[in-house]
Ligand code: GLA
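Encoded as structure tokens, the following chain is the form predicted alone, with no partner shown.
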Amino acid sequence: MNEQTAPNRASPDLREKFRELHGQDSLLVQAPGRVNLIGEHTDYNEGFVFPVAIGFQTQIAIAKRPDRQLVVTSENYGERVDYDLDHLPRSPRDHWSDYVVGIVELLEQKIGSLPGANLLLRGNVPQGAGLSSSASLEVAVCKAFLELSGKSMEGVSIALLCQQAENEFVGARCGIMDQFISVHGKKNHALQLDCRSLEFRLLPIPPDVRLVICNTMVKHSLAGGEYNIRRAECEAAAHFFAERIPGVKSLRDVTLKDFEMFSGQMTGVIRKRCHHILTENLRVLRAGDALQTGDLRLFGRLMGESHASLRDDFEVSSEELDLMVQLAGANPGVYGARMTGGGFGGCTVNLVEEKRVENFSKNVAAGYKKATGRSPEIYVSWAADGAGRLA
């Protein structure tokens, strides 16, 4: 088992390492990664999601330069890249710096000329685990330049700008959830987000509850293609209802009553996909009410129902994810467990009593290795604050 626990504070030597590199003092900012507690594949259907910021983050040390150069060093990749702010690339080059360039270019369009700058990047958001290391980097870069420039943007605008950079420059078709929670996260709270209106509410998670994320270390090759198929199937379902019910623009506008009335006319596959989205949106809303009243048992049951729906109706789970959920449920102190993210491998998310985390992690890791021969990675965190300046 490879267990990683989110650190409790900023890395103390980042500013010192920046001074060694550039001979300058710097300001520090951070932006966290995230995990989604419930509400999967609802975002692109203009539905509801329930992410939480985690204690793994991207940190940036930044200082002005006297010229228009952008000098970016990544500790994680052991690389430095240099750009001229007056001649930034117009297309990505499939490199980690694409995220930086995309943000800087859009920021200059939105708020005007930016100063040249030296940046030192450090991140501990596990990459490739579906915990949104890319959104963490985007939001951190945006916040760093806003702080450096003495300019401000409201949180929703920052999230939208970062999403736009990933969509249009990097070329990844992500929704708004990842950037939104990285900006708006709050310690010991989860965030219930309406992906259509961008209205949200922060709801309390008890401080003695930990988020334990179990990485199956498997990502099946069909994941990307199947994701696009699921989107197309949801669009087909929305079109089906739009032809029969005035005002339907997405599955967000369809009720269970509508579904019961017309679902007999749908093909079996489209019916199942639609049923997941409609019931998942209702589960997210019920989950919000459960957290509001401190009913973690109900929240956990809704997580279990979500996993079953993703497995049976949306068909995006896998043997490994199902096994992880099964192993989690055999442990005391577990409120809920489910797959999280797009599916076909990746991670599960578990709400676990803090005092039970160590035994939970050992038991799940041992059970998973015995059944599959693979050692999982397990990440332990709490609900963390969103992006901001570090002292």
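Quick caveat, the model's predicted, so the values are computed rather than measured. The term rigid core refers to the maximal set of C-alpha atoms that superpose within 1.5 Å between the two forms. For every residue, the number given is its place in the sequence shown, counted from 1.
The form predicted together with the named molecule exists for this protein as well; it is not shown, and the discussion that follows is about that form.
- Between the options 288, 175, 126, 300, the residue in contact with the named molecule in the predicted complex by a heavy atom within 4.5 angstroms is 175.
- In short, of 344-352, 23-31, 43-51, 323-331 it is 43-51 that has heavy atoms within 4.5 Å of the named molecule in the predicted complex.
- Although the partner is absent here, residue 39 lies within 4.5 Å of the named molecule in the predicted complex, judged by heavy atoms.
- Contact check for residue 77: every heavy atom lies farther than 4.5 Å from the named molecule in the predicted complex.
- In the predicted complex, the named molecule lies within 4.5 Å of some heavy atom of residue 227.
- Taking the rigid core as fixed, one finds a CA shift for residue 72 smaller than 2 Å between the shown form and the other one.
- Once both forms are overlaid on the rigid core, the distance between the two CA positions of residue 160 between the shown form and the other one is under 2 angstroms.
- Residue 345: CA moves 2 Å or more between the shown form and the other one after rigid-core fitting.
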